[in-house]
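Next up: just one chain, as structure tokens, the form predicted on its own.
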């Protein structure tokens, strides 16, 4: 592929009446502030559980539960703020982009530019800046992704190179030259914050360890299971978002933690529609897009079965989730033919 076409609603053959789309894209502070207050309440409740459990056998389970409420919403808020759509007030959006990106482990300015490229060339090899694993995925790739190892190695390397001003070619490709200074100083600030947290823990000040570092690591696999199913097993190098991207059903808790990003096809088709309007966007276009896959747990279980069988040389046909045709290998049928 040498001529790249942007991936969007037009390239996918999806349309929404202009008047309706304008209403859906209208920004507001209120839904984001309500979500923020709810998140704070969840963190206070689960964080108090961590405090009460210190010195007991419940300490690690409490940190895991708190870590889920810390890590998944951090990713989701960082993502929404990178779009500038979490809040109408720009200063609020920028402040929370910084806080949430620090928790997610990505420099905020890089998060914005890399994610913009991800939307412009969704799942296009060589152009998408957020295509973190090789496809088709095998079990080793799944482990590297879900444990967070791939993320930590990639982002740590990027933090150091950007802080030194030694930008990778791909970073230079998707970042405006005028913004490179922000990337450099942003990376330096992030590294200073992380070094301070680890330094405090080494000095015997334990709250960064109990309430930030360990919960962030424990909650990461749940966060990465949410992000994994956005595109895994879907079609690469196709400008049709409906083929490259997956939506899935979710209960209220999943929708809250993930800020409605289970409506992922809808989000990629119209990325400037705020999180609180994605359900309404779904109602507007549901007759034009594929049915969502069957829930966070079932979709992830089917993905795990597929990548395990792929590594073992077995059939990679999933029971019910959507897959690109070339992801499906059925050895028994091939032998019969």
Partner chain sequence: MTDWVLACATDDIDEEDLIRFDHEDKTYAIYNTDNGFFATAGYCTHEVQHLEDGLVIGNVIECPLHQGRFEISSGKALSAPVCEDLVSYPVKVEGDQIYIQIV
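Since we're looking at a predicted model, the values are computed, not measured. Numbering follows the first chain given and starts at 1.
What follows is about the form predicted together with the partner chain, which we do not show.
Chemist: Counting only heavy atoms and a 4.5 Å cut-off, does the partner chain in the model of the complex sit next to every one of 8, 119 and 178?
Modeler: Looking in the model of the complex, the three residues 8, 119 and 178 all sit within 4.5 Å of the partner chain (heavy atoms).
Chemist: Please tell me which of 167, 98, 113, 211 lies within 4.5 Å of the partner chain in the model of the complex, judged by heavy atoms.
Modeler: Going through each option in turn, the one that passes is 113.
Chemist: Between 88, 216, 161, 188, only one gets a heavy atom within 4.5 angstroms of the partner chain in the model of the complex; which residue is that?
Modeler: Answer to the contact question: 88.
Chemist: Out of the stretches listed (22-30, 63-71, 46-54, 290-298), which one is close to the partner chain in the model of the complex, meaning heavy atoms within 4.5 Å?
Modeler: In the other structure, the partner sits against 22-30.
Chemist: Is there a heavy atom of residue 272 lying 4.5 Å or less from a heavy atom of the partner chain in the model of the complex?
Modeler: Contact check for residue 272: yes, within 4.5 Å of the partner chain in the model of the complex.
Chemist: Is the gap between residue 255 and the partner chain in the model of the complex 4.5 Å or less for some heavy atom pair?
Modeler: Contact with the partner chain, no.
Chemist: Indicate whether residue 243 is a 4.5 Å heavy atom neighbour of the partner chain in the model of the complex.
Modeler: It does not: once the partner chain is placed as it appears in the model of the complex, residue 243 has no heavy atom within 4.5 Å of it.
Chemist: Might residue 184 be said to contact the partner chain in the model of the complex, defining contact as any heavy atom within 4.5 Å?
Modeler: The answer is no: residue 184 has no heavy atom within 4.5 Å of the partner chain.
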